[in-house]
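Starting off, we have a lone chain in the form predicted on its own, written out as structure tokens.
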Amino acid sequence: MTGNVAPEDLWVREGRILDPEKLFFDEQGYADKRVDCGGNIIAPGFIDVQINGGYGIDFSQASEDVSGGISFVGKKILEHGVTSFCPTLVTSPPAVYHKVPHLQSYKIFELFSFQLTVSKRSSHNEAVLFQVLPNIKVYNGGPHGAGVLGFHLEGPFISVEKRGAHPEHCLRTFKYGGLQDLMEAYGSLDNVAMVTLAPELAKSQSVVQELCQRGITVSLGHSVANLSQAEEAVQHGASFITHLFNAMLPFHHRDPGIVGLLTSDQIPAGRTVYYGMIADGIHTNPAALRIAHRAHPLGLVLVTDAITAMGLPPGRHTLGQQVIEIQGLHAYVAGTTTLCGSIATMDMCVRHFKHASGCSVEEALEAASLHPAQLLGISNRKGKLDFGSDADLVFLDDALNIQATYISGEEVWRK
């Protein structure tokens, strides 16, 4: 833990946290505007590195207004304290990631048995297949909504056995072990922040290295990897575990698998392995949550893994190419008992994590702010209240309910 709750004034100028000594002594200035926080806790804005959609929007569903859908969700999650996020795409047909060869039909075009939207465009009888990946750019947050830090591409290079809700016939393996595999799958790595892959796949380690050299975070997940395979991936640059305990081999005392990374002695010096936890009270038993936190508290990153149905009533919705069903607080692949994401919000996860783990307020808040910022390599500007950091802030009461959200020092939501 690096922070602590203390009674202090926070100074902001031009969207960043200001050292007041510079204002007082160098410039002999004063505050132009004062905000009474009413005894609330001020914390760094929350960062969600795994969110599949919400409020009826599915990021993995191509549409004519992909950016509008992401902006809509970005606006709605402000009330839950999220100031930055990584829109997450689950394993999808190639055309969702990038352009496919010219289509000769105005009708619904079937690709790998999936229904993809095609529209008639121009007088040249050209059919246009909407893609997701090329239509979203990294952008800063503001009154329009939380900022986009880049895509999290969860798949398609994952294990068949641990695919969960990911469609099997869209899964891929590495043929070449490098950039060519990635380009064939995604078309481009522009605006990509993170890729989840299974490290046991042949030729995966050179792909891990390629991604890390490009500044893209590599996460291990949806995998049947043993511990040595996971350690090898970390030694090549992987630094995250996608939703720990879920979609991976269970912990075993002779080979703890990916879970064993939390206490491995094979992590390179100076490196930290982070791990995502869906602290919704459903995906992870409170005892397992406590085990992970006590084993490796500085690596815990809260994620919602929220799907289309977040903010919607029970019923049937979509997640990528799958139909999912909401029953109470559970989200299942329709007709099965396979969990497929959550309907939790980030502030709910923070509160549940604190209650279930018995951790401090500071630890709960850092798991949703500092740790994801460190994971993505942006803690020099986000996830902290240090001088020079972006003034992305949340105001919370003592029960950790969100009272207001600020981005770059500007109020963007208030209860």
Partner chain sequence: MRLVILEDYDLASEWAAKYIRNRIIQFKPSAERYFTLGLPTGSTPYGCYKKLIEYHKCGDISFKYVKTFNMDEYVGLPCQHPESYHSYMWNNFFKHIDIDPANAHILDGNAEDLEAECQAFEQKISEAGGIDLFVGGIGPDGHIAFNEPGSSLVSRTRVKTLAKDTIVANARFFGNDLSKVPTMALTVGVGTVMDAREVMILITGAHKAFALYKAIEEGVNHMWTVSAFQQHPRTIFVCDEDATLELRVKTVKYFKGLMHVHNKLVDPLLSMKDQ
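On a predicted model such as this, the values are computed, not experimentally measured, just so you know. Residue numbers count along the first chain shown, from 1.
The protein also exists as the form predicted together with the partner chain; that form is not presented, and the subsequent description refers to it.
Undergrad: Test of understanding: in the predicted complex, would G15 fall inside 4.5 Å of the partner chain by heavy atoms?
TA: G15 lies outside the contact set for the partner chain.
Undergrad: Using a 4.5 Å heavy atom cut-off, state whether G29 contacts the partner chain in the predicted complex.
TA: Judged by the heavy-atom cut-off of 4.5 Å, G29 is in contact with the partner chain in the predicted complex.
Undergrad: Indicate whether the partner chain has at least one heavy atom within 4.5 Å of a heavy atom of E21 in the predicted complex.
TA: Result yes; E21 sits at the interface with the partner chain in the predicted complex.
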